[in-house]
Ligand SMILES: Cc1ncc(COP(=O)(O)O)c(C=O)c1O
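In structure tokens, the next block holds one chain alone, the form predicted alone.
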């Protein structure tokens, strides 16, 4: 029996949440941080000037520790798309340049590059539509005008992971930037960007990091950052070095860190204080422990499907297996009915492209998996 790794979640009011790939529930430390932020805004005398710089700095540091990065290389965003657009809109493009993406990837990973087609940039989709690609596939797709390869670490619609280390090495060998959407991985899989050849990483904060909506972050390798012309000259960028008591100053610091690319209003107390609390909590527990826990639950789910009326569609084992499990009734037409039956039983999963997706995280237990599998058996 696998117990919940951490019980500082909920209450779920008798329901089971197995849909972290859609959104992660806010843990209690993050909830408390959000309530503190509301209380401070309700009684503004409680809010210090230093909070305007301390809150973003705390979040940036927590995120950097989580992914093995330097604080200076982390930008604060409001989504995954924000960081991808920083790169897409910040690079200098010439007609005939090419971006390689994966057919079957989540739209947020592809659409920022589509807007470059008006500049004569070609977006090349590789693969057979099921997002199953490897380093050899990527290397074979790189041509003389390829500037960027952009893909997800874990694919939302298929549930399998790619070996970003080998893919990044292939792009480095061809002198091509490697940009990774890690929204379905960070928080559930260990990551150390210092050991990889990737150049940019984009991630949201409301899935596996269990933060609020409209949060996210990015990581930019300094060599790539030096090529980007996408600064956002917001006033807090200037005040971070001077303090609010010297606000009447129109000069910008010579800031070459990733914070120059932060989204506006990066002192977003309602969102960034709880996200910082959630990220710190995950870091204290340890992503390796969380990953092992999640994978144990997935083992239990996959084992329960043996001999059933359901087939596993995502990888059963190995490095390609992620924390997203796709399955289908052997009569795929029954999936809609089954999804509705689970909803009536207060078991939350997702239905994507006609398939059933299960995504457990650290707050789930064997009891949750058992409740799901028993319901699947009844509905099947």
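Everything numeric here is computed off the predicted structure, so don't read it as measured data. Residue numbers count along the first chain shown, from 1.
Missing here is the form predicted in complex with this ligand; even so, the following discussion is about that form.
Heavy atoms within 4.5 Å of this ligand in the model of the complex belong, among the stretches 162 to 170, 149 to 157, 186 to 194, 93 to 101, to residues of 149 to 157.
For residue 177, no non-hydrogen atom is located within 4.5 Å of this ligand in the model of the complex, even though that partner is not displayed. The closest non-hydrogen atom of residue 106 lies within 4.5 Å of this ligand in the model of the complex. Mapping the unseen interface onto this chain, residue 206 counts among the residues with a heavy atom inside 4.5 Å of this ligand in the model of the complex. In the model of the complex, this ligand sits beyond 4.5 Å of every heavy atom of residue 271.
Contact annotation: of the candidates 295, 257, 137, 81, the single residue with a non-hydrogen atom within 4.5 angstroms of this ligand in the model of the complex is 81.
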